[in-house]
Every structure is written in C-alpha cells, then in structure tokens.
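Structure 1 and structure 2 below are two forms of the same protein chain, each written out on its own as structure tokens.
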Structure 1
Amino acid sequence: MSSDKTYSFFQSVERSFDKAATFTKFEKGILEQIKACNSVYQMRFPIKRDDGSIEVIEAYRVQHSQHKTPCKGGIRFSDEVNQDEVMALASLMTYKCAIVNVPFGGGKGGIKINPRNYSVYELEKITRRYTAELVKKNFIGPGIDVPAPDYGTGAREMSWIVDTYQSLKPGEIDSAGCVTGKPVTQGGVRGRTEATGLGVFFGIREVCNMPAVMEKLGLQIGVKDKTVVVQGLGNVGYHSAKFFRENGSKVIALAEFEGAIMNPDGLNEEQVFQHRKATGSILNFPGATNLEKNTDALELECDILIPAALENVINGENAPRVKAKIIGEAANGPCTPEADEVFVQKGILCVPDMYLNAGGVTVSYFEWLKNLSHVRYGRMEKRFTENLNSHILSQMESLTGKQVGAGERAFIMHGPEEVDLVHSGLEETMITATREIMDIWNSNPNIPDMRTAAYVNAINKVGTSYGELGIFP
C-alpha cells in the first residue's frame, strides 16, 4: 500500500485546498478563515433500548462556514462516524454549494450508530432526541442550518426531524424548511430521489460534449456508445447507470461489496437490482461474467468509470492500474490525493466529487425554496403553458393543413410539472458549473487537474463573499 492512509479525511481536503489556494489572489489569513470549521457541536445523550437497557449515543453537527446562511448538509447514521469525517464533509459542502451557485454555507451531521442494529422505534427516539439537542443549541432552522439525508438516513428520518422541530417551534411559518429530503407529503420535492445520479450524468455529459477535452482523451464527442463501469448499486450508482444506459451508453460492469459482474454487451441496472434482491448478490447474473474481486471492476478497460460507493477506493496503490479515460466521482472522496497525481501523469480526466455529486444539494435547495414560497413548482404555469401550446399547435395545423402525430402532440402540449422543472434546474446547474470549472482550468495552464480548478472556483467565490460582507476590512 501507498502512504495514502497517513492523511485523515479532513487533512486530505485541506491538502487539496492548499494546492488550489496557490492559484488564488487571497492572502493567507483569508484562506485560513475559509478553510476553518466555524462551529463543531459534539453531543452525547441517552436513549432507552427496547430491552430496557440505557445506551449513550455519540453525535455531531458541524457548521463549516456561515459566509452564506443557512448551513446545509446531510446527517449520516454510521458506526464509522467521527469528528474528523464530519468536519471534512462539512467543508466539502461549503465548496460544493459555492461551485454550483447554491447560496448555502457547508454543514454536516453524524450519529455514531449502525442503523441495522436498532429497531424503527429506537431509530425514531434517537433521531427525535438529536433534533431536540440541535434546537436547544440553535443548530437547526430554515435560516440557520438545514440538514438532509446521507448514508443510513432517508425521507423517514427527515419526517421525524421536521415533526420534532415543529413541535418545539410552534407557529413558525417556514418550519418545513428546517430540513430537506422529506417525503413529498411533508413538503418534499419531486425528483429528489434520482437527483444525485442525474447530476452525475449531466456533469459527465457536459464534459463529453466539449470537443477539445474529448480530442485530448482520444474519444468521440457525446455519451452515446461510451463504455461505463459503475461501482456501487445504491441510490446514486443505480441512477447514474440508468441515465447513462438510457442515453445510449453501454454499462459493461457493475460492482457491489460482494463482488462485480461484467458483460461487454451491456447490463440493465434494474434487472441486476432485481436479481440482487432475489438472490442477495449481484453475482451469477444471467449472461454476465463474475469478477474475482469487487475492486477488479475499477481496473477494467472502459471510457467512463463511476465510483459511487465509498471513500478512498482508488489510491496510490491501484491508481496506476486504472484504464478508464474519464473518472466521475459520484461518491464522496473515492480518489485519494496520491491517485490524483497518478491520473495527471496518465492523462486520465478525474471529474471531482465536490461538484459532480452536487445534484442532491441542488435539489435540496429547490425543496427549501418550495418550503419558503409555500407553493408547488408548476402550479402557477402548468395549465397556462398547456393552453398556450395547444393554441400555437392548432394554428400551425390550420396554416399547414397537416396534423401532428399523437406522440409529438402530447410532447409539445405538455406543461411542466414539478419533476420537469426540478430536472431542468438541475441540468442548468450542472452545465453552468462544469463550464465555469473548465474556464478556470483553461485560463491557467499551471493548474494540474479538474479538482484543483474546482477548488480554485470555490475559494474565489467564498473569499469574494467574505470580502463583500466586510468581514475582512
């Protein structure tokens, strides 16, 4: 193994930050303030287990930056949770929000439990008590700090949080905006489930549509007929695979912790998912070849590799064996700083996690806006658009004397629903962010990789915001 492990996760983030900071105009003191975590709340609280025993739970909430408020970031339930990890993820949230032009500061939360070891009732007690502790210290609120789901949490936990918050803050009109990722019935937004995977697709597609980048990599323009390998068949990996397949790419391999499978003719992620549900494993999928180790998938010959599972899966030891032309970091921190250096030498383009997996926070922002405006997206304009399109269509048909086919008619007349507007907003966000990062990279030939260019973009935005606030006179 390489020396990757000498860095904690937070130190790895700081190391990438320092590398990018040399390409910015800010003085050392401002850079130190941007880098620092503003507030770290570490808590312990007891809960009574179903068997009557008392257990003390360890939990965290970190607010990395308040250059924009509220702070924003998920809450993870994992027995791997520690302060260093939560601080690293909170700082990445600050940079991620800046890059995709979402007006939030970065935050992150974590509860040190394995949710599989607790009953639903116990998880509810833990989540509600955690929320009460956050309210007590003013660490949650639609204008203060807005959590969201992460590993081990989902819409169910978010509904417990919003209910607890509302019971402790009666009459607060914007209280539904205290958390995002809620069920649609509780003020959630349609399109949230697939948001991160769809954002990954939009980001990579935009890179693949850049002629100069594709020429350098020796690839054809566009995602059509590109070979794709996806590691991880959770929510993000599943949807990434789905959108690439639906847009003409060939998903030749899928990996999960029990192993990996490949089929050069392409795999259907839904069929693999159902096979895994039925058998408990993706292995032995009909028509596919089993790979000896799940990490073997990372080293397959392909155009695009999507690590969508865990941190540090590509490091100084295995990076030299990676054969993909483009790596799209759908997970948080799947490639170490040592791996980045190898990619630069090999001419592999690594599209960094800190903006590529920002689909979740982008759609969370749309949900938060929906909660503050108290109106569903599309409610005001859907019928107006349909009526207008219908009128234009009938005018064209009467002028030309030709009838439009049923399929085309339905498409042209369709007024936008909430999910259409959410997907459209996400597409705009990812395209704009990709172009901004590429412009910075192209404008300075000394910037070594796309990750550094993304950090430069984030530092410039956060630093400028601090300056305009008058925090640094």
Structure 2
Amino acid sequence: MSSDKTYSFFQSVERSFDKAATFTKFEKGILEQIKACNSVYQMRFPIKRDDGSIEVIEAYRVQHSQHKTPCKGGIRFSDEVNQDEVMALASLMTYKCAIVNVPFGGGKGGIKINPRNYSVYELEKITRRYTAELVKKNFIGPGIDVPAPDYGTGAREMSWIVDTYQSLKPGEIDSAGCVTGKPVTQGGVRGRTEATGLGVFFGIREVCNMPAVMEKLGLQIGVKDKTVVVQGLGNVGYHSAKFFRENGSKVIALAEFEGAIMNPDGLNEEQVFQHRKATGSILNFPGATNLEKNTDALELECDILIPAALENVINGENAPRVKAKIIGEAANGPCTPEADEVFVQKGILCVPDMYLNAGGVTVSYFEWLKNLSHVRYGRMEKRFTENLNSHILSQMESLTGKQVGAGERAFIMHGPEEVDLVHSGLEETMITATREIMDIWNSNPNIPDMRTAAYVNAINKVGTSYGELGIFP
C-alpha cells in the first residue's frame, strides 16, 4: 500500500528519517548505514490446503539493523503484505527499540495471506513452515532474531513458532526466547497481551500531564473527561480504549472494518466487542449511532484520536478534515508525511507510532529476559516484601496506637506479582521516553514536530552505538 501518489511506506519512513537527520551531528555514511535494511529474506513455500490443492505462500523476514542483537519485531498476516511494507516496519522497530532503551535491532516479518480465508489447521501449517524456513536460514533464535505478534497474529501463532523452533533445536536451553508474545503456559509473561494498548495510554497520559503542551492545545491537564475516538478494535485498539475508559476518559466512537459507531456519552469497548462477536459487526450497537463510512470516525470532533488499525489511514487528502487535538499513533504508520505537514499547520499534536506503540516490544523485552533467566518475575521478592511491609505496619500501629484500615492494609502489604512488575516497568519506560523526546523537541525550536524529535532521539542513540562499536572496517 503506498502512502500517497509518490511515496511508498518505506520511502515515507526514509523521508521522516532524512528530515530528522539534519538535526543530528552524524556524517552521511553513518546515517546511510542507520537507514539501510541489512538483510531482506523473501521466501515462497507450498502448503496443502484442506481441499487438497497446493498453494504457494509469499512471506518475508527483514532484519533492519544488527547494531544491537537480537533483532526484534512482529509477524504480520495480511494480504497487503509486501517487501516495502515489511522493510518500513522493520526500520521503525530499530528506531522504536532505541527510543525506549530496549537493546535490540529492528526486524519484521510478514506472510501475504488474509487469515480469515484459512482454517486454523492451514494457519498452523503456514506458521510452522514459515518458522522452519527461518530456522534453515538462521533467521530466528534468542540471540539472532526474535519475532512477536503483529496485525493478524497473536499468542496462538507464537506458540506454534516456539514449538516448531524447539523441535528443530532440541536441547537449546534458552530456546523459549526465540519468540515473544507466547501464552503464559509456553513461557510468556503476564501483561503482554494488553502491553501495547497500555503503553499507548501511559504515553498519552504523560503528554496530557505536561502543562505547557496542554496550554498550547487549549486542553485541561490530565486524561480525565477527554473525548477519545479509536479506529480498530483489535488487540491494540481494544486495550487502548479500555485503559482510557478506566481512567476517566470518554470513548465516544469506535471504528472497525465494517463501519463506525458513535455515542457522545461514551462506549464500553468490552460490550462493543461482545456485540461484534455475537452479530458479526460493530454496527447497530444499542444506544450508539452508526456512521456512514468507517473513516468518518477519523474526522469527528474529539480531544484524542487513536488510529489502531493499519498504515496510511490519515493522509494529505483527509488530514485537513481531522478535528482531534491529539493524535496517538497506536498503529504503525497511520499518518503520512503529508498529514504531518497539515498537523503542524493546524496545531494538532501527533504523538508518533515509533515510541507510542512501543509497549509491545518493551514487554516482549521483559518476556525475553524472563526466558533467559528461567524465573518468573516476583518469585524471589514477593514474600520478602510482604513480610517486610507487615513488620513496618505492625511497628507503625504499635508506635501510634492506631489501626490501619483493611483496604489500606491490603494495598501496603501487597508484594509485587509478575503483572505488577511488568506494568510498572512499562509505565517507567513510556514516561521516560516521552520526556526524552519532549526535551529534544524543546531544545531546538526548528524541530517541527514530535515525530522528528523522536527520530532525532533514535538516530542519536543508534548512531552513537555504531560510533562506540567502531565497527566499520
């Protein structure tokens, strides 16, 4: 899919990179190396369909950068997959990992299929064969390249991948770290499923807590009572909507493939999800109004717009009609460079994908560390912390002669579970990344937008690590 008449998705990423590179100190050669996709593996393999026919499947894995290893990035199942798209997404992964201080290079995979057109058994065969092809070419492994879920894939596909890998590499002690986003029973980490949506929420909340930014946008500080529109009710969109709603925002519209619905009093994503499951469509949700086209939702009056479906949905054509004050790019590449220019003119703040949707890769990093350490987070300290807290509470009570209430007692006593530590690590990561990018943006009045500031941050980190490695012969 091209971003507009002249530029492909990868070229759009390159253009954003070039724009930001002028604000860095690196020589041309280093910038070229940071930009280049190091390895592109295009493959074709046959599978036998349930009706007995043979189909040749087109698939990709791109390793954009090995300045840190392993490479990391999701696998997408979509009939829009092509080499340019996978290269663009792999590049974004390099920059994303750098911005959130996750020590990986960027990678991405794609299989050109619409998963709805295949049975579960066929999908399993495709996923396992794809994994076997990656193993054959040394394109997967805990120290080489670690895939994860993306559009059209989830924990189920990741469990097929780890199982195939382990059967081909018996006895490899860290093999569970060959892929992330696994079910918890297969070596996954608690908190991964909701990670990207929660990261989107933490990132936007941090922006909304910055008084200078809110003043410029004419908005009140905080996410409470903000109106939110979400496009895409998949993993990322669903969880983004959930955390905004749970924290007092109003999700006034939701858009899916088949259409969009709106309710100014707020929508509950779980109820909409169940309605869609039961009826096959989000349309005709009780109490909500149907919008004629699903893209109409993007043009609604709201404080925060969250595109969480696919790339290039806001472009030079429809950007002038966007009325949101803040756009949170939960999907990868939802806004084109032309749209960015319109946002700058209109004073819309676009919070860029590259860091905003980094929650998935951040928690993937935690999962990978768990796999390498072979121990569940919280196992060592949970009881210790609870015993210590209990002791402190008893001391406080005996010194003051007063009793702490039951609710407060439970809160203070609680030792961290795995999910608490994962959420807390994610919150810290997103807050730090938001502040780093804002500091860069504030330090140079010529940097036009937050995306450019994020790229500057990424280029500085990747470029410095190339410099430190001194790797060029």
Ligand code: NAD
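For residue numbers, the reference is structure 1: its sequence is counted from 1. Take the two forms, superpose them, and find the largest set of C-alpha atoms that agree within 1.5 Å; that set is the rigid core. What you see is a predicted model, and the numbers here were worked out from it, not measured in a lab.
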{"query": "Selected structure - criterion: the form predicted in complex with the named molecule", "finding": "2"}
{"query": "Per-residue C-alpha change between the two structures, G171, threshold 2 Å, rigid core fit", "finding": "no"}
{"query": "Core-aligned CA displacement of M380 at least 2 Å between the two structures", "finding": "no"}
{"query": "Rigid core fit then T279 CA moved by 2 Å or more between the two structures", "finding": "yes"}
